[in-house]
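One chain is shown next in structure tokens, namely the form predicted on its own.
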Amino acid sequence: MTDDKDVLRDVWFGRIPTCFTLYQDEITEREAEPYYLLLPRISYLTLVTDKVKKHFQKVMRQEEVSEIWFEYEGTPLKWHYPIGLLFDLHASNTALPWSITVHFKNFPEKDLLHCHSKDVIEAHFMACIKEADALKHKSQVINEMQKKDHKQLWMGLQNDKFEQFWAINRKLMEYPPEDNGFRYIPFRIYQATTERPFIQKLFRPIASGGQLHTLGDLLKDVCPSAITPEDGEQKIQVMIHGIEPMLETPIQWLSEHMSYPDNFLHISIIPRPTD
């Protein structure tokens, strides 16, 4: 991959200032103060909120505490989506800090997966990496790695160790020079305005004529309404890691530099604010 290490670093260290407050109907023994945290965009809510959980459990009766879950303005937040994606999709045009409500009761079974331990997060994360490598390299790279390499990817994410993670992840971002790119680009497109969880299909980074496909080409192919509005006025934003990349950006470059640690490009399509 081309060595734009500063981009990788900026993506890795992206943070969202967040204010956690306890849901008003939770029964507490004394008033629950809000809890403030800088959330890493690339991580998962259930991986980085142990302190939040402990903070609120202090004011609650133990019998009132069951599985913790999070909500923003009435929307339960899926822990298996990266934090940055959740913010871009649901809250990117709101004032900071991001205000998240904490619940310990009435787990929304229809909306959320259970997460009883860090092992569940690790299993989800590794499944995504394996799926991404199946698309990029027919699984050859991930299958040639040893178990300790897989563990190093996970520990790098869990402990927020950029160098530790990228020492291994670098191999997942390489390809033979004669190929000019991956076999297919691992991506998922999320739309704030639909019930469908996400769009995902096979898309090659290089056109049959040899030219590089761009983000605009991907959207044209997969989600044409995102870039060709009916009345000509652009009413949506295309967000990755909180920024709007230019549509002319080669999708191969984006995949190498702006994928989340699970090796997927998580692309949010959201209504443009009308101010």
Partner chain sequence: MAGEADFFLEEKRFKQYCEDFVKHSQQIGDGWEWRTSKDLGDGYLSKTHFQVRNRHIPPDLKEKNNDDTEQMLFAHVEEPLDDSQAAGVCSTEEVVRYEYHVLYSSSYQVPVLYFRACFLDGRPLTLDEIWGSVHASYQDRLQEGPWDTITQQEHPILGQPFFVLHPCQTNEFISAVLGGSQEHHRHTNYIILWLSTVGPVVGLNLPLSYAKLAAEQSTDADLAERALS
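What you see is a predicted model; the values in this text were computed from it and never measured. Residue numbers count along the first chain shown, from 1.
The following text describes the form predicted in complex with its partner chain, which does not appear among the structures shown.
- Taking the partner from the other structure, its partner chain in the predicted bound form has a heavy atom within 4.5 Å of a heavy atom of residue 78.
- In the predicted bound form, its partner chain lies farther than 4.5 Å from every heavy atom of residue 92.
- Interface membership of residue 195, defined by any non-hydrogen atom within 4.5 Å of its partner chain in the predicted bound form, is confirmed.
- Using a 4.5 Å cutoff between non-hydrogen atoms, residue 170 does not count as a contact of its partner chain in the predicted bound form.
- Partner contacts here mean any heavy atom within 4.5 Å of its partner chain in the predicted bound form, and among 172-180, 96-104, 159-167, 118-126 they occur only in 118-126.
- For the stretch 111-137, the set of residues having any non-hydrogen atom within 4.5 angstroms of its partner chain in the predicted bound form comprises 111, 112, 113, 114, 119, 120, 123, 127, 130, 131, 134, 135, in sequence order.
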